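Just the one chain here, laid out as structure tokens, in the form predicted alone.
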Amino acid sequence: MWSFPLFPDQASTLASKVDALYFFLIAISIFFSILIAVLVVGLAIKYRRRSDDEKPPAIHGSLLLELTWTLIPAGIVLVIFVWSAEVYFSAVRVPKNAIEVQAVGKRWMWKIQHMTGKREINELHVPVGVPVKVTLTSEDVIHSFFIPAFRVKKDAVPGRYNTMWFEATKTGKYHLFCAEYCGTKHSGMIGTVYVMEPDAYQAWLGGEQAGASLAGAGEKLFTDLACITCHRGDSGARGPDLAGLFGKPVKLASGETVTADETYLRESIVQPAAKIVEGYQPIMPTFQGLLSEEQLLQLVAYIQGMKAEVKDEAAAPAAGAAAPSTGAR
């Protein structure tokens, strides 16, 4: 049965958990379907009217019976809830030691870039036994990054970042699909995931380098776009300091507080007026349509890696030094 296409290999740490829950739900559904069908047919035969003048006896009910059909399903539902929650949290909690990969969906291909700058089209090379975090977005319509053997699937949505992770347990080649209908050539948006031994992966990663690392390319963009002229750490800066910002709370002019994650940084680049940082004027121009999704990922990767400088304790911190409006001139 496992050679049948509906049952792909279990090739990740999450696969066995997903399959166990799936088959449990299937078993529960089959059991109760058969039980209900047997009871319906059996009771229909047993309590059928045998003559036109027959009057069935009154039924006064049974407290034990009602408790039984209430408590048993409630217990089963509770087991499903706890089990499903455990599998869900395993799927969404990315390990801290995960290596990062960026994937951009575009009709009809997957453009993938590693943090070292290595690029791939419709292929993804990963090491076995190492957690891998994939940051997903799209340049046009909704796509869905689906690796059946790993039992992972996540939508790539235009204008936002989604993340997924997996840890491969077997070396080999595995299918990569787009699982969201995205146009006439949707069925051709396929690829391959290559799971390699760690040494072989490092050798592959270091060969034929296509360019600068993701953060390095982002640093060049940051300079070329003159973002550095406004986003400085001194008191005269026209934009907030971005060093050490990623993952920190940001106080907005509206009084709200948001977290400077990947999605917030992206929005601050393409729609800088959407969330104005407290203490700053909305003077940053928009880069909507001027930067590709790959360039946005590079800028976000650079900002994410910027470290805060150690400042003199007597120096007053710059107001609003916790928000990105990347690209302000």
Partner chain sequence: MQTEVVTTKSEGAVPGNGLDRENYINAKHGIWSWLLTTDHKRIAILYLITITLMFFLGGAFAAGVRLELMTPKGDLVDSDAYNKLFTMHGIVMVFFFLIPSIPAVLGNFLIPIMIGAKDLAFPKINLLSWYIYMAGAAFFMVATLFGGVETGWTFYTPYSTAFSHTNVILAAVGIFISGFSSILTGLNFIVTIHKMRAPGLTWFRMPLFVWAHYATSLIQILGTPVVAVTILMVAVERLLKLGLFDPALGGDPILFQHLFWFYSHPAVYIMILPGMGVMSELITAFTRKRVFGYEFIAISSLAIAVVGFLVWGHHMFVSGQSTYAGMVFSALSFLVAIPSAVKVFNWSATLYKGSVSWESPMMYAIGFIGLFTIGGLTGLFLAAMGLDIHMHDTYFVVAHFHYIMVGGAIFAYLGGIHFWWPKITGRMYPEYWARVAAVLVFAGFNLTFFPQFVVGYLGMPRRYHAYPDEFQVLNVMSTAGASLLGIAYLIPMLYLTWSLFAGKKAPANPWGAKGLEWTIQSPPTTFNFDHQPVVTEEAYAYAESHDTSHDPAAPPAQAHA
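Keep in mind the model is a prediction, meaning the values are calculated, not measured. Numbering follows the first chain given and starts at 1. Throughout, rigid core stands for the largest set of C-alpha atoms superposing within 1.5 Å between the two forms.
One more form of this protein, predicted together with the partner chain, exists but is not displayed; see below.
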Does residue 73 reach the partner chain in the predicted complex if we count a contact as any heavy atom within 4.5 Å? yes
Can residue 148 be called a contact residue for the partner chain in the predicted complex at 4.5 Å between heavy atoms? yes
Considering only heavy atoms, tell me if residue 29 and the partner chain come within 4.5 Å of each other in the predicted complex. yes
Distance check, residue 238 to the partner chain in the predicted complex, heavy atom within 4.5 Å: no
Tell me, which of 226, 121, 203, 85 has a heavy atom within 4.5 angstroms of the partner chain in the predicted complex? 85
Position in contact with the partner chain when the complex is considered in the predicted complex, options 183, 172, 95, 247, heavy atoms within 4.5 Å: 183
Heavy atom distance at most 4.5 Å to the partner chain in the predicted complex, all of 198, 217 and 234: no
With a 4.5 Å heavy atom cut-off to the partner chain in the predicted complex, the contacting stretch among 87 to 95, 239 to 247, 125 to 133, 111 to 119 is 87 to 95
What residues, if any, in 149 to 183 have a non-hydrogen atom within 4.5 angstroms of the partner chain in the predicted complex? 151, 152, 153, 154, 155, 157, 158, 159, 160, 162, 175, 177, 178, 179, 180, 181, 182, 183
Taking the rigid core as the reference frame, is the Cα of residue 282 displaced by 2 Å or more between the shown form and the other one? no
Taking 2 Å as the cut-off, check whether the CA of residue 65 shifts that much or more between the shown form and the other one after a rigid core fit. yes
Exceeds or equals 2 Å, Cα of residue 273 between the shown form and the other one, core fit: no
